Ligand SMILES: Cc1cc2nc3c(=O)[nH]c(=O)nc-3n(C[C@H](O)[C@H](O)[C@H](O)COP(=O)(O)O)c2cc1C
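Only one chain comes next, encoded as structure tokens, the form predicted on its own.
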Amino acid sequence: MELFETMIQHTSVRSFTAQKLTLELKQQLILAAQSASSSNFLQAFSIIAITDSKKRKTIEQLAHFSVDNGNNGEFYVFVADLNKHAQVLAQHNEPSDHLRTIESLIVATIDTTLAAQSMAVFAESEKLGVCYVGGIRNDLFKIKELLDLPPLTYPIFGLFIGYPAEKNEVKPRLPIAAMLGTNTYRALTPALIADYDKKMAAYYQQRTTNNQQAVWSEKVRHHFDSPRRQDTGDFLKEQGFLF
């Protein structure tokens, strides 16, 4: 029950104390990530710990995301990685064509995401705070150059981890009735959307930081009112994936 309570109390943390993680705890975070499920045990991901302050500042600027006082908390970049597997195939003089497919890219993306979430769950069980940073995809080409990423890799997101200085209240999730189908897909209904909008409006108005007048459906509409990160396809093609 303790782990369950920790999980349902998850909220993104954007303010960390100056307390440093021990070397043992940082190693445990990596081991927790490695312990996640992996399709066919390919382990198609890499993790890059960003310890260089200049690189960290550059990434935060590209992502339009910063943490107070600059260097508080640890910062990891999670990379979908099929380059390792290309190296294995090359050692046996075998072609890498099948690494370049959409299916292989999806497998690597899933492996990477599962690893990150395993790290995040363990971190929160240790009373740490976490925050994912998808904004690293705002300029994939610069991130590639900054991190010396080889072909057949794709940086998916960053992950801040540290001791929380403050935390927002937990956002109310969509009701189970909106998420869980039995033997068939469960569609949203206008009534479910309206009820959830009321809950989110109350949350945004009452939370202790960054109060705003907003509802979930309006945020969805705003998010999809124009295309985002349109160079992603070009980046993936440059990295060797085939569409």
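Numbering starts at 1 and runs along the sequence shown. Because the structure is a prediction, the values reported are computed rather than measured.
FYI, the form predicted together with this ligand isn't displayed, but the following is about it.
Query - Output flag, Phe65, Tyr132 and Phe157 jointly within 4.5 Å of this ligand in the predicted bound form, heavy atom basis - result: Result yes, every residue of the spot touches this ligand.
Query - Residue contact check: Gln19 to this ligand in the predicted bound form, 4.5 Å heavy atom - result: So Gln19 does not count as contacting this ligand.
Requested in this report: May I ask you to state whether Lys142 is within 4.5 Å of this ligand in the predicted bound form, using heavy atom distances?
Outcome: Looking in the predicted bound form, residue contacts with this ligand do not include Lys142, since no heavy atom lies within 4.5 Å.
Query raised in the report: So, in the predicted bound form, is Lys84 in contact with this ligand at a 4.5 angstroms heavy atom limit?
Result: Lys84 lies outside the contact set for this ligand.
Report task. Verify the contact flag for His98: yes if a non-hydrogen atom of it lies within 4.5 Å of a non-hydrogen atom of this ligand in the predicted bound form, no if not. Result -> No - in the predicted bound form, heavy atoms of His98 and this ligand never come within 4.5 Å of each other.
Query raised in the report: For the chain seen here without its partner, which of 88-96, 102-110, 133-141, 147-155 has a heavy atom within 4.5 Å of this ligand in the predicted bound form?
Result: So the stretch in question is 133-141.
Query raised in the report: Across 5-35, which residues bring a heavy atom to within 4.5 Å of this ligand in the predicted bound form?
Result: Sequence-ordered list: His10, Thr11, Ser12, Arg14.
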